[in-house]
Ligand SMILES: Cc1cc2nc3c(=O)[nH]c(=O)nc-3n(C[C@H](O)[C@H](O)[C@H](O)COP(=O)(O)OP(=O)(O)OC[C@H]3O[C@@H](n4cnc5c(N)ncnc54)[C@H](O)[C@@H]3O)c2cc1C
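First comes one chain, alone, set out as structure tokens in the form predicted alone.
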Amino acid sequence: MRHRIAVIGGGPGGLTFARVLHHHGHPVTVLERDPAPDARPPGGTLDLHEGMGQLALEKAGLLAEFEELSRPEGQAMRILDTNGTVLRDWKPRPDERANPEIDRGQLRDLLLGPLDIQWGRRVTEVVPQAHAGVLVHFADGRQETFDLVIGADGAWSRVRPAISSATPHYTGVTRVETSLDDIDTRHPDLARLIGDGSVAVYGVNRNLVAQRNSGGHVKVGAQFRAPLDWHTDLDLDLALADADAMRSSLLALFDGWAAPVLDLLRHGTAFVHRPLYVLPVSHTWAHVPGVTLLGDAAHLMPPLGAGANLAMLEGAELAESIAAASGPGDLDEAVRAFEEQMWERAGRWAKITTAGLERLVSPDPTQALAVFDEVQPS
């Protein structure tokens, strides 16, 4: 039996779901609000874990292609104190494949492959019907009915309200991102500071992390504890502030840190403000036939390396379960079983990442170093 299935959201989780279902010969509709794949910057780099994101790609038949694109050397990690002293300098073995890096844009293109994406389809509401089917409302006024709708549409999901009243709340930690281009040529000293992977500097209630992407591109993230309206005390209008104003505000927040570390901010181009939001740690819902969630839509947590991996693995597992469903009631049973498994695993990771954020942006910077030593013991 062929069911009409739609996944809303063209991020790693939604695309992995669609690609695995396609791999099993099952049609699926992918609805993405962006008008085109390159409508906005795809973001930085992702480390795909061996038993999570990489396993999902294996289920999609894409692991070999991923290995060609990924950067195992990007797993390298250097930690400094605020004076610029190197505290840890870990480099992966040549055969280390536990968490190789891949640019988000490269991963997106790998997953897109033969998929037929409906671009520019902004969903406004999802309404389960009384007897059968789920009605999807679009911003242009159109409507479509599906047998199953999967919400893979991120933190501010338009699908979630159909099955849960939960909404994301602010963690108390804000992140401001910038980037550096052609770093090896234009900023060779910073290139050496960052190395092949990442450099992180931890201070009191704040940190600065720079991570190498491919092509000499570097993403820099400044994280700090602050009220959601922190910028108003600085007379900084985030909607109107130019790069110079944001740069000056950040340099003031990190005043006293080593000059080479602050150069990561001084040479940054555009700045993007990203307050960190999360869903409740053990977010579950009463099962609703015809609708489910995965990834950030289901379990938004601090961005500490688990989110995309979980979303991809969930997408692959749900697709495999649906592909194996043959009887009239099997589809709903497959979704029920998927939700139970997802909740248990995501709950564990939400606790880990919530505790991790507390320690990585802490009044005691040695807590951040301890986290690294627990994850990557020498």
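In this text, all values refer to a predicted model and were calculated from it rather than measured experimentally. Throughout, we count residues from 1 along the sequence that is shown.
One more form of this protein exists, namely the form predicted in complex with the ligand; it is left out here, but the text below deals with it.
Put simply, of 336, 345, 26, 33 only one has a heavy atom within 4.5 Å of the ligand in the predicted complex, and it is 33. Out of the listed residues 149, 210, 111, 308, 308 is the one that sits within 4.5 Å of the ligand in the predicted complex by at least one heavy atom. Residues of just one listed stretch (250-258, 196-204, 70-78, 170-178) have heavy atoms within 4.5 Å of the ligand in the predicted complex: 170-178. Not displayed here, the ligand is kept clear of residue 264 by more than 4.5 Å at the level of heavy atoms in the predicted complex. Although the partner is absent here, residue 154 sits close enough that one of its heavy atoms falls within 4.5 Å of the ligand in the predicted complex. Residue 317 falls outside the set of residues with a heavy atom inside 4.5 Å of the ligand in the predicted complex. In the predicted complex, the ligand sits within 4.5 Å of a heavy atom of residue 158. Scanning 94-112 for heavy atoms within 4.5 Å of the ligand in the predicted complex gives just one residue, 104.
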